[in-house]
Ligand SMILES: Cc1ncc(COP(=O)(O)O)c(C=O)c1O
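Coming up is one lone chain in structure tokens, specifically the form predicted on its own.
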């Protein structure tokens, strides 16, 4: 029914009067959010790969990072054992995740010599969601998140989805010492609205861990500028060095720090969708952040009970 031509009633029974002659309707075309601004057409490489596959040509994809497509298979019996338990029929959600899931995550760190308080753990359904939660916590629209170059391009999209801007800092390759943070660039560049700095440890695609002195530099850099440090450690277990560099959690950092990880890589189980972040740093900042995060997570409760209940058994068989 055209409201411009006749009167009617709304759902509550209220009469909607006929518009007066001074009332003007405008036809407006639907528009979409600027958050999703990128070109959705396949690029030339994607088109080329698609053509090869249509021709049944064998393709060795060196960018593949999905463990389920790389020959890794988790024990089906262990999955059944973990998920077919009585507690999966209950629903008693917690903003940070079920206690048994958070205890299992702390056991994972304990095996690596890192002590983590279960109350500092927040479960999510993936690291992308963990990023989204933290970006909501830290930034207002127009604020900036600093992201390393080179690094995984997904992070830039996740930043834009939260109406934030991506700032850049650089990793430079130095002969004899590997990839290092470009400190001169960071020290001489004004980041007026930067709220957080992202580190990927080890980096994707370089595979490099941050050196101990670069770690200390970034912690001090964030502390002095009132920024949080977000550390993505999803590939931390994939180390070809004789001694694996320690997690950022072992550093007891002097700035507010969030360390991300998940079952996608640690258990080669991207399909079960359980990730997390651990919050560390000064007690006053942690307390304020957690009071806000508890509210934020309580509105989503996105992690299913099934995988949280199974977490202790799955973590116990990860090796």
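All values derive from a computational prediction rather than experimental measurement. Residue numbers count along the first chain shown, from 1.
Not pictured, yet referred to below: the form predicted together with this ligand.
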Close approach of residue 290 to this ligand in the predicted bound form, 4.5 Å, heavy atom | no
Point to revise | Proximity of residue 160 to this ligand in the predicted bound form, heavy atoms at 4.5 Å | key: no
Does the 4.5 Å heavy atom contact test between residue 144 and this ligand in the predicted bound form come out positive?
-> no
Quick check on residue 127: any heavy atom within 4.5 Å of this ligand in the predicted bound form?
yes
Assert contact residue (this ligand, in the predicted bound form, non-hydrogen atom within 4.5 Å, options 246, 204, 211, 78) equals 204
Of the candidate stretches 234-242, 89-97, 161-169, 178-186, the one with residues having heavy atoms within 4.5 Å of this ligand in the predicted bound form is 234-242
